[in-house]
Every structure is written in structure tokens, then in C-alpha cells.
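One chain follows as C-alpha cells, the form predicted on its own.
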Amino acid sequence: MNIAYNFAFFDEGSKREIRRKTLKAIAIPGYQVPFASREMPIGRGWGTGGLQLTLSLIGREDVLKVIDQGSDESVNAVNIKKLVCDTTGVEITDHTSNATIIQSRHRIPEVPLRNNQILVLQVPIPEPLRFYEPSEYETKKLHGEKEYSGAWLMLFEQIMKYGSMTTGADHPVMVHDRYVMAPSPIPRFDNPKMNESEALILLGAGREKKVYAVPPYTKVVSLDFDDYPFQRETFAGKCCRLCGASDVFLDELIDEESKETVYQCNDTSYCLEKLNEDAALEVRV
């Protein structure tokens, strides 16, 4: 393939710098490592942090999957895939099991990840303490002293006001019994997937110029209380209208014809794969 720029867009020096910061993040699970966020041909806030991680790590033999809120075909996912493919020529896939690098916004795939895969999460706000402490200097001190009472206070106030913890996404987690970390705006349903994950999880915030990581087989626990334990979103008694899956994160939709509430897999490729598997099973029977 003839390209007029360096492989994976960045010059080799830029890729080495990002890799060095990524290695430091892996060595200190949950710790936010500052890095020199580069200018990208997409606007900050549209996945530049995750994209920089992907471009610094990807090789010619890698297979890339990009999803945005569970969809492989959203505008954000399609444009990121196009940029990476145009600058590398790597294979693109919609199948989670076939990918070696998975870049995602707001979701962790339903298919369990393996130890030869890397999950890259796009992060808008990497600092979990920002909601009550605006100073970067102070948040660094709080992390250094492991002073996280403010994070629990936020959850306590939710319980006092609403009767339960109301974090719809980005529920803070404790990594390796040391750092409180923002897991990116994934739903609570996905938080447990980080715990002891076989895959390396990297999180990048381009606008905030931070990268952090959850190495494979690392303990990740969602913040909660003994008498108010952490709970995922529940879809008890509901299933996907297309594939029938009931143990996945579901989107609530309104059927255009019946005007009734229906549910559908948020992870579009998982839903399609399950439909194909069921069809193949029917053929064999």
C-alpha cells in the first residue's frame, strides 16, 4: 500500500514516547500518567486519547475492532476505523474474538476478552475526584495519600437522597487496593468485567493528556458500602427481541409499529454473531 505518511500516522519518536508512558501506566495499575497528547485529525473529545494509544501500539499483523456505545457502525467508530486503516492497512473486523486490539467508547464487549487482546477505552474525564476537587494539584495529593473519603461521600449522598447509588456510568473503582480510578463512562454492568480480566485494558484521555491502565489479572472493585453493595443494571425477565440473549446489556427501545417497549442487545456484533450461530444450529438440526 502506498501511503504518503509514516505507518500509523505518528512519527516513530511520538510512538515511542506514548509507549513509554503506557508501560509506566501498566507498571502502576490505576495511576494516571501524563503524556504529551498529540494533535489529531479529529476533534479532542472524540476519542483522541484512545486513538493515540491504538496508533502507538498497532502493528502490521494486528486486527482492529472499533465500537462506539456498542455499535460497530456509528459515525465515530467508522471514522476512527477509516483513519487507522488508511494509515496502516491493517485488517478491520466486527468480531470481538478475531480482534487483537479493540478500541471502544462507553462499552466493554460482551464476549470475554483473552490474554492476547488489548482493550483501549476512550476517556473524557480521567480524574475520578474531579467532581468535588477542581484542583489538579490537590487531586494528586489525595491520590498520593490514598485519601478517597470524598468519593465515598458522593455515593453516600446519593443513597441518602435517592435510596441507592445512582451512578449510571463511570462508577469509580479501586484498582489493586491502591488507586481509585475512573473506568471511563462504561455502564455499571461492565465494571465487573475489569476485575481479573485476561486482557490488558488501556485508558486514554487526549484532551486531559492522561493515560492509565489495568494490567491482566488485576483486582478491580467498584466502590460501595457493606450495607449498600454495588449493583449492576438489571434486565431480569427481559431479553433481546432479535437474538433472545438475556445475560447482556440491553437497550430499551420503542417499537415503531406496536409502540410497545422492546429490548435489544447494545453490543451489535454480539447480537449478529448469536443470530448466525442460532441459524447455523437450526441448519445442522
Partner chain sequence: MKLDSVHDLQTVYRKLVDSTSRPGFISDLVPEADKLDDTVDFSESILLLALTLLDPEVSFKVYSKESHMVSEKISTLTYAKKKDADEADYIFVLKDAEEGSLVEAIQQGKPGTLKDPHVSATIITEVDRLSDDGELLLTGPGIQKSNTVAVGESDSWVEARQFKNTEYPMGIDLLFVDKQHQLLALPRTTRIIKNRVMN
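Here the structure is a predicted model, which is why all the values come from computation and not from measurement. Numbering follows the first chain given and starts at 1.
We do not show the form predicted together with the partner chain, though everything after this point is about it.
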Exercise for the section: Kindly indicate whether 15, 19 and 137 are, all three, within 4.5 angstroms of the partner chain in the predicted bound form, using heavy atoms. Expected result: yes
Completion exercise
The stretch from 34-42, 241-249, 254-262, 221-229 that lies within 4.5 Å of the partner chain in the predicted bound form, judged by heavy atoms, is 34-42
Completion exercise
The one residue among 95, 141, 82, 130 placing a heavy atom within 4.5 Å of the partner chain in the predicted bound form is 141
Fill in the blank from the handout: Contact with the partner chain in the predicted bound form, heavy atom within 4.5 Å, among 199, 111, 180, 155 goes to 199
Exercise for the section: Examine residue 101 and determine whether its closest non-hydrogen atom to the partner chain in the predicted bound form is within 4.5 angstroms. Expected result: yes
Handout entry: the partner chain contact in the predicted bound form: residue 172, any heavy atom under 4.5 Å
Key = no
Problem - Heavy atom of residue 118 within 4.5 Å of the partner chain in the predicted bound form - result: yes
Handout entry: in the predicted bound form, residue 56 touching the partner chain (heavy atom, 4.5 Å)
Key = yes
Practice task
Heavy atoms within 4.5 Å of the partner chain in the predicted bound form is the criterion; list the residues of 209-248 that meet it.
Solution key: 215, 216, 217, 218
